[in-house]
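A single chain, nothing else alongside it, follows as structure tokens in the form predicted on its own.
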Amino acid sequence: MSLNIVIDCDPGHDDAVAILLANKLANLKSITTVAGNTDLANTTKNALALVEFLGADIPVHSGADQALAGAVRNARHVHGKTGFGGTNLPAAKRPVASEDAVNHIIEQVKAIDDLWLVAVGPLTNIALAIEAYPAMANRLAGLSIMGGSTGPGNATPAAEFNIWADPEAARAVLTSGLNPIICGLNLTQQFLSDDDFVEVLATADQPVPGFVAELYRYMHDRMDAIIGERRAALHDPCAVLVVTHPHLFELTDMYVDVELTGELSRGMTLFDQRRTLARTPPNCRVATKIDADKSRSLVLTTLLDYSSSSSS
């Protein structure tokens, strides 16, 4: 039986690929949105437009429009003003299923015994759901997070974007007892798209692969301007694949926390990797290695499996 998944996201180029993978590789029950890569209005519009583009019956629930501390941060310099820079998906005609993502997450956790949450944006919705329903840790099959880094950040020298965008939420989630899987930059930067990846998708001459090709042409242009290389980490797909295809990953138990007050290090994820028996007991499973070749083949095969007339 397929895994039951709810994706909490802020689409976003790699969020779109994560949704496309989950729709094929699992039973994607619903999508919840949060402000992150762009504002909540755009992340929600993008999720709705993608679902309608697929012709899929996946409800979208909008959630938090700012961080717990009230900050509003975005990554428009990477993803464009709308979050889907480089593409022009038709606006969705369907409305959101609700504007209460937090309550929807709680309802799904209560209703589905084997539910996985896959969180690939700032963790605001997840933190609010845990606060309102502390028993979540005893109900979930698991929580998979794209966020953090055992090394340098990307939003700041110390912090990865999803954690930096709402550090208070991240700390609340990581220390909640959910024992999440963490796919940080140290993992996701092992798994890259390039122009060959785009060309394979483009030559399929199908709407869904073509859409992803457009997304990643734009993303490679942005990465060329930002880091001088035409390639991009497939961040958010890792958080889906570690659930659907765990054999492609190596995981290590670690204690992880988030810096909240440092002048230069706010949003930094601290991974206790000390070689001492006195280290803090683990609270997360940290993905440290991915079989990039097999994962790339899986992603391409899954995306190419979409046809112009079917979403599943």
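Residue positions are given as counts along the sequence shown, with the first one as 1. Only a predicted model underlies this, so the values are computations on that prediction, with no experimental measurement involved.
Keep in mind the form predicted together with beta-D-ribofuranose is missing from the figure; the text below concerns it.
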Q. Looking at Val120, Val240, Ile182, Ala101, which has any heavy atom no more than 4.5 Å from beta-D-ribofuranose in the predicted bound form?
A. Val120
Q: Note which of Trp116, Phe211, Phe84, Phe161 lies within 4.5 Å of beta-D-ribofuranose in the predicted bound form, where distance is taken over heavy atoms; exactly one does.
A: Phe161
Q: Report yes if any heavy atom of Ala170 sits within 4.5 Å of a heavy atom of beta-D-ribofuranose in the predicted bound form; otherwise report no.
A: no
Q | Asn37 within 4.5 Å of beta-D-ribofuranose in the predicted bound form, heavy atoms | A | yes
Q) So in the predicted bound form, does any heavy atom of Gln190 sit within 4.5 Å of beta-D-ribofuranose? A) no
Q.
Using a 4.5 angstroms cut-off on non-hydrogen atoms, would Asn186 count as touching beta-D-ribofuranose in the predicted bound form?
A. no
Q: From the candidate stretches 195 to 203, 92 to 100, 232 to 240, 107 to 115, select the single one in contact with beta-D-ribofuranose in the predicted bound form, where contact means a heavy atom within 4.5 Å.
A: 232 to 240
Q) Can you name the residues of 79 to 106 that have a non-hydrogen atom within 4.5 angstroms of beta-D-ribofuranose in the predicted bound form? A) His79
